[in-house]
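For reference, the chain that follows is the form predicted on its own, supplied as structure tokens.
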């Protein structure tokens, strides 16, 4: 039976809750978001017409710190998926021991169908509609699918212009993932993909695998997939197949990743890249490789795709890319899975670094950011693998369980008010 993304996240929560003997009332609290915000707002299009857009902000939990999570622009954005993504942010921040809670937001819109000016007006109207439901010490958005540093700067500017002049600059931390000039952090744009690569490196080290010459396939070539490819290339891994919303390409010799990266940056997709053979989605999943990085959307690896995969390791750059039946097949095939809340946690980790820099009026150089990120990722990876082995459970449930143990302690110490 097919499960929705939200049902999948809830199922993993239940299993991990039993592992850590989470009190029933805490499990019940974590099964529901604290706040569900839906806004409908008008935006003037370039031709002068008006359109109504629907936006969401789900604030899942803030027991360990301010709500934190991305803003997604996609035509399939819906309430249940945003609720699932917000919960994943809670587990992710807890697993990485970052003092944030979990949130997620989005606007139901296809950004590829709108001009830059229309996207700016959509962003500003959405930010205005959210009003005081976000704030630098309350709920801090970041980029996600369909958004980028420019969108974050528009959000920041809109929010800052609602403040009085004396406190305006103190509001820079309202979003993370900004441009450097607007108060962003070195290393933030590459952070999620770099975190994926750190996980691949640690997996290979623990398994005694030499990465040089190994083959990787990557689904999704936006921010996460493209930077993951770049860092894997530096590790000597050959990227032999890639795909995004415009189609799939294969190059058995291995792509020139620098060219591929620059093309995707210049044109916004893989469309038009000539140094690869066009293949179908099915052929992509049937490509023999060592490492698969799903970096697109959720529920991409069902039992069908899992049966096709001929890899040693799946590293989840995307949130929730594997369905429960897909997980079952991967386990049966003894394919290692590095779960999303670990593999793609580099983004929120460097977002935390950016937030700290904004608060302290500091600016760290790239080397410092990368060193701090590496330390966080390596420590979390080792912790998940040790827990998984000790308890005899999957890496995914181990990651959830560690996150829940930290949340469990927070509720034990603080109790329920009043």
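All values derive from a computational prediction rather than experimental measurement. Residue numbers count along the first chain shown, from 1.
Another form, the form predicted in complex with ligand NAD, is not on view; read the next lines as being about it.
Worksheet entry | Proximity to ligand NAD in the predicted complex, single hit among 130, 200, 240, 318 (heavy atom within 4.5 Å) | None of the others qualify; the residue that does is 318.
Fill in: Interface residue in the predicted complex among 244, 118, 233, 336, criterion: non-hydrogen atom within 4.5 angstroms of ligand NAD
Checked against the cut-off, the match is 244.
Fill in: Non-hydrogen atom contact residue 219 with ligand NAD in the predicted complex at 4.5 angstroms
Although ligand NAD is absent here, residue 219 would touch it in the predicted complex, with heavy atoms inside 4.5 Å.
Discussion item. Considering non-hydrogen atoms and a 4.5 Å limit, does ligand NAD approach residue 223 in the predicted complex?
Written reply: Output for residue 223 is yes: heavy atoms within 4.5 Å of ligand NAD.
Worksheet entry | Contact flag, residue 248 vs ligand NAD in the predicted complex, heavy atom cut 4.5 Å | Result yes; residue 248 sits at the interface with ligand NAD in the predicted complex.
Practice prompt. Answer yes if any heavy atom of residue 86 is within 4.5 Å of a heavy atom of ligand NAD in the predicted complex; otherwise answer no.
Written response: Looking in the predicted complex, residue contacts with ligand NAD do not include residue 86, since no heavy atom lies within 4.5 Å.
Discussion item. Checking a candidate spot here: are 92, 188 and 297 all in contact with ligand NAD in the predicted complex (at least one heavy atom each within 4.5 Å)?
Written reply: Yes.
Worksheet item: If we take heavy atoms and a 4.5 Å cut-off, which stretch out of 95 to 103, 178 to 186, 131 to 139, 288 to 296 is in contact with ligand NAD in the predicted complex?
Response: Comparing against ligand NAD in the predicted complex, the contact stretch is 288 to 296.
Worksheet item: Can you tell me which residues in 110 to 146 come within 4.5 angstroms of ligand NAD in the predicted complex, by heavy atoms?
Response: Sequence-ordered list: 143, 144, 145, 146.
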